[in-house]
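Here's a solo chain for you in structure tokens, the form predicted on its own.
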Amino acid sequence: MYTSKQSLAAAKFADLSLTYTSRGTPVVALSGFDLTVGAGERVAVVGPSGCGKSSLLAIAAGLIEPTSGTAEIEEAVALMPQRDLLVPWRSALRNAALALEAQGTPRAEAIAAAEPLFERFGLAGFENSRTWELSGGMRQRVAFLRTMLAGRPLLALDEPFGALDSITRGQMQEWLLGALAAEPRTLLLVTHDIDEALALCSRVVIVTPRPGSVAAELSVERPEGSTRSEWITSPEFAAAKASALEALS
């Protein structure tokens, strides 16, 4: 059962199960999945491919119903899928404004709201660029800006940087932390990259192979004020990664 309640801190999944049919064969994606995400918390969900991570976000966004169990979600969830899904015939600015237009905001007002944010998101000068004129990192920034403009307190990000090269990915991780510091939101991040989970989140949830359930939870204590480079090269990061890898094995 999926419910949406403004009174919830953020999200709570209890004894969640999901079964779907693929080519006539039942597939159990999630089974007995339990997770609570507090308001303002940054939580990463890590696990092997096919363990139900993306399905969890789809349930959080109300796109699919769980087979059993409960998903109690705050009213406002903004989902950013793996692909940026930018519309090729729209400019970068009009792609970003699409989030507000979809909510009924007149086009001119939506564009006026999105345009001042382009400098903050490192996109100044590219407002009128078409999607094919943007680098992979820029496309992801436009997609994330569109997600933020939806104005929803819970961000559900599905492998947001999975298609980027390692250098750009690292830069985008640091940029995302800065964006969340400027506009705090609750973050539920799905990734298969342990380094990314530890770099971005304060809690890492390890999921078993399909059917997905919670195998372990790790608290991440990144030193305040440390850069991404300082953190990922620290002994504390190495120890946290070793614990995560052990939980995955």
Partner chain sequence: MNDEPRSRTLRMLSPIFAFVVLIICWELFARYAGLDNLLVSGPLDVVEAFGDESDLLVEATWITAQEAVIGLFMACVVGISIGVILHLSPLLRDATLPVVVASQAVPTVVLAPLLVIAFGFGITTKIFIVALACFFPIVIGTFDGLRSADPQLLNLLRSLGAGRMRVLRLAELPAALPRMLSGIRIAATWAFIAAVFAEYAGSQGGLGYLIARGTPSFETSRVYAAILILTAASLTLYGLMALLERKLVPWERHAANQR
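The shown structure was predicted, so the numbers you read here are calculated from the model rather than taken from an experiment. Numbering follows the first chain given and starts at 1.
Unshown form predicted in complex with its partner chain; subsequent notes refer to it.
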Exercise for the section: State yes only if every one of 63, 81 and 104 has a non-hydrogen atom within 4.5 Å of its partner chain in the model of the complex; otherwise state no. Expected result: yes
Handout entry: is_contact(residue 169, its partner chain) in the model of the complex, heavy atom dist at most 4.5 Å
Key = no
Practice task
Mark residue 117 yes when one of its heavy atoms lies within 4.5 Å of a heavy atom of its partner chain in the model of the complex, and no otherwise.
Solution key: no
Practice task
Verify the contact flag for residue 85: yes if a non-hydrogen atom of it lies within 4.5 Å of a non-hydrogen atom of its partner chain in the model of the complex, no if not.
Solution key: yes
Practice task
Mark residue 164 yes when one of its heavy atoms lies within 4.5 Å of a heavy atom of its partner chain in the model of the complex, and no otherwise.
Solution key: no
Practice task
With its partner chain left out here, work out from 172 to 180, 108 to 116, 121 to 129, 87 to 95 which stretch has heavy atoms within 4.5 Å of it in the model of the complex.
Solution key: 87 to 95
Practice task
Let me know the one among 155, 145, 71, 99 whose heavy atoms come within 4.5 Å of its partner chain in the model of the complex, would you?
Solution key: 99
